[in-house]
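Take a look at this single chain in structure tokens; it is the form predicted alone.
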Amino acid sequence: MAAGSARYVRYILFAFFVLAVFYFVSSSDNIEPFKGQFKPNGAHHETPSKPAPASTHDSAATPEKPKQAPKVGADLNPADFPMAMTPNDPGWNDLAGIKDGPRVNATFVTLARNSDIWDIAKSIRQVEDRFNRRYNYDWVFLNDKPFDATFKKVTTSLCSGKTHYGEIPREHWSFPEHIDQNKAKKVREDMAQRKIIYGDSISYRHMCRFESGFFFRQPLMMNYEYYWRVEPSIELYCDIHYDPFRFMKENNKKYSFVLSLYEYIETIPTLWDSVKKFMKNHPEHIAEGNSMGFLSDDGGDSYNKCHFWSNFEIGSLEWLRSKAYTDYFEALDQDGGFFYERWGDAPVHSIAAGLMLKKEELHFFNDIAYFHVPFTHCPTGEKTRQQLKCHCNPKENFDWKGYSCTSRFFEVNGLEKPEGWENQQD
């Protein structure tokens, strides 16, 4: 019995000895077979006799630096950085971190008041979450009054790119000298009685004139080639898997839209008369292969009221600053329809794009899902919506409804309508 007990004691002592040796070996920094192995906590072992080079960092102590966005205008070959346009393309699922590839000289632009801060904050979150957090494009904010500290602080904190704040000069937000104030006042009073939307508003007229002829001439905007207009309280319903600015530039697109509809004729009764006068005086500005068929049902004799809804638009600033467009705006401005009627910037932009650009220079972004009260553009096609992780209701899509002009755009350009459009006509 005593011999058996002694044997058990020896076994126990031997086991402790083995464990002690194993612990000593596994914890030693001087044992060659463990050189370069990683400890469970991620610290890297090196032999004391060979100090690590000065450029070697402890992975636990120094986190990896975030990837920096390529500089605008960097000498990069776009072919080396293909845009992910379909789920079969490289980079389609790469929606985290800064996106590789070149950047276009472009900016978002917003016309806003200080009181719009929380409405524009929502819009910025939509744009950043769905697209710009991976691209870091700049944002230009314009106001006819100075922006206050709260507006600047909130918007700067939300935007991933640089933010710029500009005050609109008085001559771009006032009545031109040639406008008869009494006549303009009577027009506003008449429109108010007829309950025409914004019919009695002076500020709305200044806004429409500014967006028609001056936003692209602001000093801050002169630094860019392309713009993306963003209004307060908009929504983007789907992920954007590529850079729309790059798409515009590399495909020679000058103007784009997501919604189109008919304008209220009460607001533009003589707009087309002014346009026809301009076409007669400046035939050199009218492009061959234009989209007159989108604007007129009778070859240009009358206007069918179709226009692109300009609260969303991505376009070329160089085109808007061209002699053709500035001549066009100056002619319309001289006729006074921004104040004697209530010409909107949407038909003004749309008519210019339809007449001065070739068909192939216009683009419809089916895959950029968008909402601005009261209309929704929800991409047509269930497969597309699922691939883009959209959260819009396809029944609310306005594209193929009777009051939309998008069908006409497809027909004029000989484009095939997206699968399933027939089911969204009602």
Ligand SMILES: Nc1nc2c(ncn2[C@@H]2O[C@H](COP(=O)(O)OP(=O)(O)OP(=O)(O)O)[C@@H](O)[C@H]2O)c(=O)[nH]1
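Computed from a predicted model, the values in this text were never measured in an experiment. Residue indices: 1-based, along the sequence shown.
Below, we turn to the form predicted together with the named molecule, even though it does not appear here.
This chain lacks the partner; the member of Met221, Ala324, Ala287, Leu111 within 4.5 angstroms of the named molecule in the model of the complex by a non-hydrogen atom is Leu111. Proximity to the named molecule in the model of the complex, taken as a non-hydrogen atom within 4.5 angstroms, holds for one residue of Tyr198, Tyr303, Phe175, Phe247, which is Tyr198. Contact check for Ser160: every heavy atom lies farther than 4.5 Å from the named molecule in the model of the complex. The named molecule is not drawn, but in the model of the complex it has a heavy atom within 4.5 Å of Ser203.
Not displayed here, the named molecule is approached by Asn143 to within 4.5 Å at the level of heavy atoms in the model of the complex.
Contact check for Arg385: every heavy atom lies farther than 4.5 Å from the named molecule in the model of the complex. Here the chain stands alone, but in the model of the complex its contact with the named molecule, taken as any heavy atom within 4.5 Å, falls in 228-236 among 347-355, 325-333, 176-184, 228-236. Residues of 364-379 placing a heavy atom within 4.5 Å of the named molecule in the model of the complex, in sequence order: His372, Val373.
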